[in-house]
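What follows is one chain in structure tokens, specifically the form predicted alone.
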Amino acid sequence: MSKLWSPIVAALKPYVPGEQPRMANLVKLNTNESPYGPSEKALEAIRAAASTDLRLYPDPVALGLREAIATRHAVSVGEVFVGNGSDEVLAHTFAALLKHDRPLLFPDISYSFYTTYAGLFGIEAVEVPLDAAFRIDIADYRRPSGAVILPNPNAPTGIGLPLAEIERLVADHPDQPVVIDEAYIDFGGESAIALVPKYDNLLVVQTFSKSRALAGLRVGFAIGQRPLIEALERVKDSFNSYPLGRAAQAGATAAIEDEAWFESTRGKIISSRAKLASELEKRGFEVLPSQANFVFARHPGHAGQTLAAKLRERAVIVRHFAKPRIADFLRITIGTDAECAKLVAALDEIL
């Protein structure tokens, strides 16, 4: 701690991202990255953008990318906001929409950045416990609040809510912003974007990092009715008017337009997820039902931290959370079938 710090810095508990280790022959299943490279069309667009035009600032409103997103999701371009990864979009959302006199609600087992952002922006927050099966119960959110945010599917559990339940949540809070974080929606869920025309309090956030395999490019977006998007724009333009570079805008635009690549790769991940869940269950694991590109699993005879350490000794990295209720679970990213087979072989040695 330094005497030069602002008071808020000393109280912050920063988010801890997944490890990016440097190990030979590593099977990296800890950060929910795609096991497949991005669309070749996206790579071509990124290469083309790497020209002398990089001396010029990018389009500050990212119009081409927003038009492509609007077309893909059947909304108007004014209902689309883009940012430097969905984490930045969420940060602007916390600042623009989620600080009110009553507390912000989100699940107690969820994306841990929510707690970090609440601390950073001085937002009172209440964590709503998941039920005994690690599911979100919409009825638990019928309480006084200033806003609600939750991931669908949830992370790290991978359990998704049907669209009808999301609509119940939004309808239950007509005077509060409701933010649905859909980082993993493309792997089995039903997007709440379809509800945006009906509800002026709904904001849906998505990312290009997972199903579009562009985690290294850092592009995210939000869709909502115009007043919500304008609030995000006001915060963005008070913070960084040029969040997305030329290469990011070009690559993301090409990626969202390559529907064939998208359907092919997400289909492979969904198929591999089913196979891996089956193999884990054969070995005695409890595997929560996942609609994400990962599974959340625990073994009744082995502590999660111990399993994670023993897998690491075999150059297989998974994510472990030292948090009550889930300390024995491992979050395992879906890799290629070959990578999943190496994980299972390593588990066979350990078990």
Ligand SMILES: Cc1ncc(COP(=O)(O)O)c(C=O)c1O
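Remember, predicted model here, so these are calculated numbers, not experimental data. Residue indices: 1-based, along the sequence shown.
If you look for the form predicted together with the named molecule, you will not find it shown, but the lines that follow are about it.
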| query | finding |
| --- | --- |
| Interface stretch in the model of the complex with the named molecule - options 84-92, 193-201, 272-280, 67-75, non-hydrogen atom within 4.5 Å | 84-92 |
| Interface membership of residue 151, the named molecule in the model of the complex, 4.5 Å heavy atom rule | yes |
| Residue contact check: residue 210 to the named molecule in the model of the complex, 4.5 Å heavy atom | yes |
| 4.5 Å heavy atom contact, residue 168 and the named molecule in the model of the complex | no |
| Non-hydrogen atom contact residue 99 with the named molecule in the model of the complex at 4.5 angstroms | no |
| Candidate from 266, 173, 246, 218 lying within 4.5 Å of the named molecule in the model of the complex - any heavy atom | 218 |
| One residue of 155, 104, 255, 228 in contact with the named molecule, assessed in the model of the complex (non-hydrogen atom, 4.5 angstroms) | 155 |
